[in-house]
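One chain comes next, on its own, written as structure tokens: the form predicted on its own.
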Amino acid sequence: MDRLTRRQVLKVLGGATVAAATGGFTGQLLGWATAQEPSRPLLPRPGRRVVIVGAGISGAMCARTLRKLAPDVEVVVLERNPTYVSGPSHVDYVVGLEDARKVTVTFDALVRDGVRVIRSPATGLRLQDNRVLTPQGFVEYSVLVLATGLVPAEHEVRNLLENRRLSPHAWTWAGTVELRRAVEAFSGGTFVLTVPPPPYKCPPGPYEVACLVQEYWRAKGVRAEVVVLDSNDRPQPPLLADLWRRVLQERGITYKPSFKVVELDPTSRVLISDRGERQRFDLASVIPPQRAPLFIEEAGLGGPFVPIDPATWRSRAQENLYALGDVAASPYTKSAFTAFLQGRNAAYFIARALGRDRGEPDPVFNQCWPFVSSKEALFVEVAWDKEGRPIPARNRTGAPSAQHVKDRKQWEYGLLRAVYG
């Protein structure tokens, strides 16, 4: 694929993580119907205005926290989707273990908190002018926060983009819905799921999907071989590698490490590795490599992720710009748990930069409860100090248990309430 075509493809995929709109949205927005020339301002010239691109967990939490820490500062959120569907629920929705309505939220609480929500994607940045470009016009800022999440780089696997129907995956909401349909319709054969090179969103997610679909098909009496092709030399995250190997082996799931898929052959239904290895499939779920939206790279902010100071989330290239969550090149795990804490913590440093010093928050840590079946989950915890350095003494793991499933769901529902009201 040549450079021009790649840019066109990534622009189509760019912006916040693609999500299907489920549920109504009653917040006061500047909607798609507001047609303006791109050269015109969407809002009056700001006094002190923080513009946040993306209302996922990190962006929304940053906005709500900023309103509390610096109530005199205008906070504007640009979000292309009318609702947010909880990322942690993608994997269990694939096999019908979660009701999408329970984990789909609007941005009404942000509006009630005084955040201005504009429903529009960001299409470009003019850093020298402190402007975010949208199809409707531009928005000026004093401080810019990038919380876009990642986009799937499907173009990096030959023939994948053109044959997306052969390989749905759960790393976008639209893909999650398609994968559920494919899993429900599957009548048997070989299901192959691939794991991209790190870093990618939700490191244990691929192995969760493999375990859940196998359990689902066995309950239906569908004869299926489940194969995991891993770009990495061991299951992720590394702290859970031994536990994952044991789980996959006990369940009869074929695990092939160091198998980086670079091509999908749609005619023969074969996945091909960078070393020429071949794996046939009847149904595939190729999880593509992931990276920042193209407009961020084109602005000169780095790629595939935005380099930041992990202590403050400030961009290393632009003093009045911050990057949070999955889009940031940081030591923190790309997970919903850390996205929540990053959004909260970054708000303290943004408020300080705007003259509102509210002290420092506690450092970031991560907890995760990966499914190994519908009734049991693992547990892992990692921590970092206030400079973003790992604290190995704080690391811990837990074997599969039913309590971990309860903890996972209690945490997720609590997280959505805390961020979205």
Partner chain sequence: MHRWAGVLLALLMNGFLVGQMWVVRGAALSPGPAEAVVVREDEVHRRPVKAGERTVLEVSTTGLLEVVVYERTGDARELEEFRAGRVPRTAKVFSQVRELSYPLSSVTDTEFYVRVRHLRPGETRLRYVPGLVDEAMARLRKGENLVRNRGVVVVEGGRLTMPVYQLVPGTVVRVEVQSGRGVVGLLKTRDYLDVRDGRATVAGRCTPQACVEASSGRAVLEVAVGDYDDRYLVAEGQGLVFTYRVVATPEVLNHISSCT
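Small disclaimer: the values here were computed from a predicted structure and weren't measured. Numbering follows the first chain given and starts at 1.
Omitted here: the form predicted together with the partner chain. The next part is about that form.
Comparing 127 to 135, 346 to 354, 167 to 175, 258 to 266 against the partner chain in the predicted bound form, the single stretch with non-hydrogen atoms within 4.5 angstroms of it is 258 to 266. In the predicted bound form, the partner chain lies within 4.5 Å of some heavy atom of His155. Although the partner is absent from this view, Ile308 contacts the partner chain in the predicted bound form, with a non-hydrogen atom inside 4.5 angstroms.
For Arg389, a non-hydrogen atom is located within 4.5 Å of the partner chain in the predicted bound form, even though that partner is not displayed.
Interface residue remark: Thr104 is not counted as part of the site for the partner chain in the predicted bound form, having no heavy atom within 4.5 Å. Contact check at 4.5 Å (heavy atoms) against the partner chain in the predicted bound form: none of Pro41, Thr83 and Glu298 pass. Taking a 4.5 Å heavy atom cutoff to the partner chain in the predicted bound form, the contact residue among Glu319, Asp274, Glu184, Glu250 is Asp274.
Listed residues Ser330, Ser120, Ser285, Ser315 were compared with the partner chain in the predicted bound form; Ser330 is the one with a heavy atom within 4.5 Å.
The partner is not shown here, but in the predicted bound form the stretch 183 to 213 reaches within 4.5 angstroms of the partner chain through a heavy atom at Pro198, Pro199, Pro203.
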